[in-house]
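Shown here is one chain on its own, the form predicted alone, set out as structure tokens.
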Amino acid sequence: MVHRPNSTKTKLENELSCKIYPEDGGFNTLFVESTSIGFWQDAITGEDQLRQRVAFALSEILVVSNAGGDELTDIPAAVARFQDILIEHAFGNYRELIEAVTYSPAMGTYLTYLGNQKGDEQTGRMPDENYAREILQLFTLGLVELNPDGSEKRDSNDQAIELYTNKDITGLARVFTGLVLDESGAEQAAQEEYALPMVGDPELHSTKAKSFLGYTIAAGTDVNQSITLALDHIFSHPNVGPFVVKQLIQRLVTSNPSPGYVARAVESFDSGSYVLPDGTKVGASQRGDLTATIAAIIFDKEARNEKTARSGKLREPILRFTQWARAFEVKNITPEYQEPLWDTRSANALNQHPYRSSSVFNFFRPGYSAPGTLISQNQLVAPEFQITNASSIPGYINFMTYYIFGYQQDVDVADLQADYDAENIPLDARQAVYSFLADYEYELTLADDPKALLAHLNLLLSADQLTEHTVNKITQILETLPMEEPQDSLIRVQWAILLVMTSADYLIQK
């Protein structure tokens, strides 16, 4: 579902308000975690799965996090609306997306330019430079000049060419002064201000000339026009395509795309169009068109053809869990009843939680390569390995065991209801018994034949990428399990799923 940008109510508020808001208007933990609840529902049950997947990829480039325990934690409408922005613009234009992000109270709060004031020469106050720095470094250009294939340009001394200096940041920071919450547009609760785009306050906005990246916005230009001119100039830079596109390829397909792969996708980003294999043209023929860009990424020959030693990526823990829920058509996707899903940041869980990275640099950096590994020795990168360690590996296994084996159904309803009542959470604990229910109906018909069961799971979960060695090892384990009691078939199926989803062949998406 695409939500109207001018809607005061966010999607999460519309869908969950009857569950998460106490009747007396009070405050509870479930309210704070409503953004997490909405993410899991969209990611697992949404019919627009590619849109949801692209939105998640964008959330790891245009990072906002409510991990800090500040306004973004206490006022979930801000991040809820930010989620909607990424979903709405996932197949739109990157220039329009950057503008929506710039006016987002979630980003304004996270990167500290909400209420940013113009400089004061008498007191020495300077405009906050946080967003000016990150919109260049992380959201659009990077740090150095790039070729269309994503490789770094070099000067006559074979050195990378830096794009800007701190003087550029200082000039650009003046652009992002004077943005405040739209109090006039909020209907009732104060939190609704965080679901509306920020507006300009002339008293706070710098009227000085704003010079950056070889361009000057004239003195006296108001806040909205300054932002439009600044974003237009930034977006016109040739770095935007390769910088953004390469990261989208990393998030969606492979960690180490070839220069040719990047260049082909960048061509579609720059032209705003792509011709599908059946001859259909997609895209609005405007630079930055994400429909054309995503089509170019997922239909490229490197994404579809035989894989090489360089291809592939480590599956993100969040995506492994959502795949399990979708692959086995798990019933009653009600994360409000699943406290383990309210925060999966711990290494004992997924070591990753949507919209809750520890910094604006995301959970992992696109250029990360684990020191002392064959990956680094071969000058390759593997970003997701930055959140993979001796604690997170068993943590993931235990987390998946809990859900695959249905332990979430073994809940003490009376104790849970008492917890709900104590925390002012308006939920009926009896419904928790049916939450995230996996019956594995089809898989149970194959339980007597481990080879057939593994063949099915291999195709369903890993696109037939399990090696013969892995299949044989898992089959041997399954054959040791007894098949004497009625529940033994279910246990064998559950073990088969767990062994596949924790195997190295599965974890590396090819």
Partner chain sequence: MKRRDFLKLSGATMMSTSLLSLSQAVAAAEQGEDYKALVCVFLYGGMDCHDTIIPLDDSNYQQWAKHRSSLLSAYPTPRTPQNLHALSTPSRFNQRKFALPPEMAGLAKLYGQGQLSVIGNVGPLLEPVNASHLEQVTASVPPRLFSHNDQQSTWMSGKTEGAQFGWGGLINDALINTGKTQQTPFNAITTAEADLWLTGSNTFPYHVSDGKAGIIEILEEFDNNQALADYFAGKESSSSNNILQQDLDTLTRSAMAANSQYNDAIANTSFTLPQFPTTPLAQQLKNVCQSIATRQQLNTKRQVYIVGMGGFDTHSGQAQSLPKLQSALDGALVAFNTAIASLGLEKQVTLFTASDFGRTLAVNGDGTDHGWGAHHFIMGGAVHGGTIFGDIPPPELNHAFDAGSGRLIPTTAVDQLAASLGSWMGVDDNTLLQIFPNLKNFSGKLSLFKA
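A quick note: this is a predicted structure, and the numbers were derived from the prediction, not measured. Residue numbers count along the first chain shown, from 1.
As for the form predicted in complex with its partner chain, it is not shown, yet the points below apply to it.
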Given 412 to 420, 72 to 80, 307 to 315, 327 to 335, the stretch touching its partner chain in the predicted bound form at heavy atoms within 4.5 Å is 307 to 315
The one option of S285, T401, Q431, S151 with any heavy atom within 4.5 Å of its partner chain in the predicted bound form is T401
Heavy atom within 4.5 Å of its partner chain in the predicted bound form, from candidates S435, N130, N93, S271, belongs to N130
Might Q41 be said to contact its partner chain in the predicted bound form, defining contact as any heavy atom within 4.5 Å?
no
Using a 4.5 angstroms cut-off on non-hydrogen atoms, would I474 count as touching its partner chain in the predicted bound form? yes
| said: S489 versus its partner chain, in the predicted bound form: is there a non-hydrogen atom within 4.5 Å? | reply: no
> Does T221 make contact with its partner chain in the predicted bound form, using a 4.5 Å heavy atom cut-off?
Replying inline: no
Of the residues spanning 374 to 399, the ones with some heavy atom within 4.5 Å of its partner chain in the predicted bound form are L374, I375, S376, N378, L380, A382, F385, Q386, I387, T388, N389, A390, S391, I393, P394, I397, N398
